[in-house]
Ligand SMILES: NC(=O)c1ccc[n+]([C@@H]2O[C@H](COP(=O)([O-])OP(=O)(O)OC[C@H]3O[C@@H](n4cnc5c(N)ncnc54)[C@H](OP(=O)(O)O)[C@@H]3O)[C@@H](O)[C@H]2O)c1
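Only one chain is shown below, in structure tokens, and it's the form predicted alone.
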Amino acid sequence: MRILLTGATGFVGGAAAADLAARGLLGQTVFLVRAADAEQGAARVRATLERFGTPAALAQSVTAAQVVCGDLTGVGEFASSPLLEGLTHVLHCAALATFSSNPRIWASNVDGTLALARAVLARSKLQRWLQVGTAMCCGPGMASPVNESWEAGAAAEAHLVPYTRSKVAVELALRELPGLPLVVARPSIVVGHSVLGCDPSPSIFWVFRMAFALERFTCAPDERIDIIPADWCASALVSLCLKPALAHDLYHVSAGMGANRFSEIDTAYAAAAGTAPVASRYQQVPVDQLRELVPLFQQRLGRVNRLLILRALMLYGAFAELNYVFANQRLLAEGIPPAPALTGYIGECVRTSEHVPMTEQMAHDFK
């Protein structure tokens, strides 16, 4: 077995690297890393592994000989690397994952991924290419729970952000690539780590901090929010990548109907923060009325960039307003256990993020 992992210095990809390490597969893994040279790339992977709790001695076993230096926007520069020869599995986590309108999104997530797939196919006889997408690529207007199906993405005519459009576009393009043993995994909302909280990454958790501080958001208290921790997500992805036979070629990696309701998250968050739940004071606010909350920003959030906060609130509020839960029967049928509930590890998320400025946390999602 010879595995290529992309995105190993990111959030989900870093958790996947740690999962491979825990399975004893680190020495059989090649890493595609943005770096000036292979040694710098190996150092980045080692640091990420330790950030995700891999024992230092094991993390330090990663060498420069396992690193392909490159970026998805320049695949031609490393396409002839001998490290791409003899690969059996690809776990493709790398992407420009941002809810901004970064002009490099399509070049990286679509063109770059297709170029990488072609380069690998030319050098290896793959058993599996696991493409990591996003469940939100189904677009607005779906009935919840959203089924695990190609139609959920292919039928989408509108997207809230360019990122989700790019992810479904590359899935459909990869599906047409001759000889590619493609399986698509679409994670739902990845927040925190079930053991380490927000230490590996504070991505998205700041939305809860903001909603509870303002005591207002677009969710109804009884709505479920489909959230999974990065470590469980990574374990599911690695399992889908390495399992010899799968029943399907598309899966949701999600909490499904086991997802917590907003009111349950409120109660658990308050217990962890040592505050009272906001339930009795909470107001559900439609996206088109979020601008009316601007006067509350400085009062409840401190000195913040009001325009940035409003933009973020409207964007994440629009996703929350979709009120999606993502069906996960296919995943569970493969023997993968249900996701840990956010309420079970939200205490660690609170503890590891409470002293980090909210705008600093937001920077992870607006590259």
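A residue's number is simply how far along the shown sequence it sits, counting from 1. Here the structure is a predicted model, which is why all the values come from computation and not from measurement.
One more form of this protein exists, namely the form predicted together with the ligand; it is left out here, but the text below deals with it.
Peer 1: With the partner removed from view, which of 354 to 362, 19 to 27, 5 to 13, 341 to 349 is the stretch that lies within 4.5 Å of the ligand in the predicted complex, judged by heavy atom distances?
Peer 2: Careful reading of the contacts points to 5 to 13.
Peer 1: With heavy atoms only and a cut-off of 4.5 Å, decide whether G133 touches the ligand in the predicted complex.
Peer 2: Heavy-atom contact with the ligand at 4.5 Å: present for G133.
Peer 1: So in the predicted complex, does any heavy atom of R216 sit within 4.5 Å of the ligand?
Peer 2: Close contact is absent here: in the predicted complex, R216 is far from the ligand, nothing within 4.5 Å, heavy atoms only.
Peer 1: Classify H89 as contacting or not contacting the ligand in the predicted complex by the rule of any non-hydrogen atom within 4.5 angstroms, answering yes or no.
Peer 2: Outside the cut-off, so no.
Peer 1: Taking the shortest heavy atom distance, is N102 within 4.5 Å of the ligand in the predicted complex?
Peer 2: Contact check for N102: no, nothing within 4.5 Å of the ligand in the predicted complex.
Peer 1: Quick one: of N260, S81, T73, S235, which gets a non-hydrogen atom within 4.5 angstroms of the ligand in the predicted complex?
Peer 2: When the ligand is considered in the predicted complex, the option within 4.5 Å is T73.
Peer 1: Exactly one residue in T267, S124, S108, S239 has a non-hydrogen atom within 4.5 Å of the ligand in the predicted complex; which is it?
Peer 2: By the 4.5 Å heavy-atom cutoff, the listed residue in contact is S108.
Peer 1: What residues, if any, in 21 to 55 have a non-hydrogen atom within 4.5 angstroms of the ligand in the predicted complex?
Peer 2: If the 4.5 Å heavy-atom criterion is applied to the ligand in the predicted complex, 21 to 55 yields R34, R44.
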